[in-house]
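Coming up is one lone chain in structure tokens, specifically the form predicted on its own.
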Amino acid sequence: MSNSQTKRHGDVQKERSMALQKELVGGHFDALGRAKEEGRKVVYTFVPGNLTELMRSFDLLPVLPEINALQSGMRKLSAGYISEAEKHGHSEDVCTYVKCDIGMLKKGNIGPTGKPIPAPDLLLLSYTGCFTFMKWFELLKQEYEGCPVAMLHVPYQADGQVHSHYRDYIVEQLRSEVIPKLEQVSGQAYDEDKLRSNLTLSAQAEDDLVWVLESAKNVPSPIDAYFGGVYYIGPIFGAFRGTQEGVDYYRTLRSEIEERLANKQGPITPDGELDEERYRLVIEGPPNWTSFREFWKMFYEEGAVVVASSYTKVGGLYDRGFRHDATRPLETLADYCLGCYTNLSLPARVDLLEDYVRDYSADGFMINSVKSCNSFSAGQLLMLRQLEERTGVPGGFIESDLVDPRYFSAANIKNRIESYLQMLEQKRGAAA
């Protein structure tokens, strides 16, 4: 990559797209900090199944508590927030995203960038594949007494299929429950043409994101689809789906990866370009945020590149063919909500991971089991065994947490990763 494309920020190497993403995220938090004085309304919602295009059609700003929590974790703020929540009686075993969010609220609701997060004008729960989300919103309802709530119930994909009556059920709720609440909060009437315009922008960004993720099928892969991937999915899973800024970000990102691919370059890591791809891995489960760079380093120092991951699908399975469709606006929102990764059955998840192992020519796969996230961790050992049987590729297992630094044991995780990669190397030797 040319010097004009890559900059040094302290001792961390960043691509142009990462700098652009930082500007986008920072600008959004700035806008939230000014929202009340500018008379703008905000909606709290979640990443999987979020209705960003619909909210923005009412000129409402989205607030995503998981994003606040993971950003706080990366900035080393989450430990204090979790401690504060536990002082207020929240169990040690509760999802640490929840405790980080509640602790941040109790400490004044100052966001991870130092700007205040405004109180919600609406709590919009548009996804229930994770039961914790429902309890989380119950807690927020108690904290923000009098704040209206809109509940969009999304059926669980027990058989891995989207059925028409599922879609009809969600569309009816959008018409009767969600849109009237958005109209009430915003003071604006539903404008389907505006929604269609936003959905058109979403589809453009989704095309480029999928191209970027699938570039990892090349050898060497020009990207890391887990650690680098969390930056790539940030705008589309957060506040910028359905915006021109989002389209511009993904066009910039794609052009960078096209150049890296043409030059047969490996991914950029915090310490520079990876010179040699020794292992190609698939990873199941979210990353640890409190020691994110240290966690990533354990892989790239060994030449291990993650070529596909389930976490980068938590906000939408775009690589399976889904695109937001402006010709059927409410139906496409319903399909999106139904298709998030953690709304899939365990057999469907195993099928997806098996495809990734084969399609991306992976040498192995690893599971990062997150202590406080039942949506991911339930059934992972069974998934590991089934994947080994189906693919013939060995699996590895590590354990950490989302944003609680007490559950990141660097020495233990590093030892497991190194032992696993040594085992892969031994298998190669035996096969040769």
Partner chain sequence: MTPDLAQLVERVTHLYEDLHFQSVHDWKSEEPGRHAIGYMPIYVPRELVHAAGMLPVGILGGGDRLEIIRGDAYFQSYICHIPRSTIELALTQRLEALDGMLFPSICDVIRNLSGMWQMLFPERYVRYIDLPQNFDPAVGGTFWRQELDTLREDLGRIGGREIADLELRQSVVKYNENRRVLRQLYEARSERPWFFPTSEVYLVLRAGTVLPVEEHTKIVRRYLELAPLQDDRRDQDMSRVVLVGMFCEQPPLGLLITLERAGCWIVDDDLLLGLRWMSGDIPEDGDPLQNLAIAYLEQSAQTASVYQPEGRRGAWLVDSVQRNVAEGVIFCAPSFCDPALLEQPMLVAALEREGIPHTQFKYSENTGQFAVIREQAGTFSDSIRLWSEA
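Residue numbers count along the first chain shown, from 1. Remember, it's a predicted structure, so these values are computed and weren't measured experimentally.
One more form of this protein, predicted in complex with its partner chain, exists but is not displayed; see below.
Quiz item: in the model of the complex, which of the stretches 291-299, 272-280, 85-93, 304-312 has residues with heavy atoms within 4.5 Å of its partner chain?
Solution: Contact criterion met by 85-93 only.
Quiz item: Using heavy atoms and a 4.5 Å limit, would one call Asn263 a contact residue for its partner chain in the model of the complex?
Solution: No, Asn263 stays farther than 4.5 Å from its partner chain in the model of the complex.
Quiz prompt | Interface membership of Lys41, its partner chain in the model of the complex, 4.5 Å heavy atom rule | solution = Lys41 lies outside the contact set for its partner chain.
Self-check item: 4.5 Å heavy atom contact, Arg349 and its partner chain in the model of the complex
Solution: Result yes; Arg349 sits at the interface with its partner chain in the model of the complex.
Quiz item: Does Val370 reach its partner chain in the model of the complex if we count a contact as any heavy atom within 4.5 Å?
Solution: Yes.
Exercise. Would you mind picking the one in Val212, Cys337, Leu125, Leu353 that has a heavy atom within 4.5 Å of its partner chain in the model of the complex?
Key: None of the others qualify; the residue that does is Leu125.
Quiz prompt | Among the candidates Tyr166, Tyr190, Tyr360, Tyr231, the residue which, in the model of the complex, approaches its partner chain to within 4.5 Å (heavy atoms) | solution = Flagged contact: Tyr166.
Exercise. Kindly indicate whether Gln142, Val149 and Gln386 are, all three, within 4.5 angstroms of its partner chain in the model of the complex, using heavy atoms.
Key: Yes: each residue has a heavy atom within 4.5 Å of the partner.
Quiz item: Along 145-184, which positions have a non-hydrogen atom within 4.5 Å of its partner chain in the model of the complex?
Solution: Residues within 4.5 Å: Val149, Met151, His153, Pro155, Tyr156, Ala158, His165, Tyr166, Tyr169, Glu172, Gln173, Ser176.
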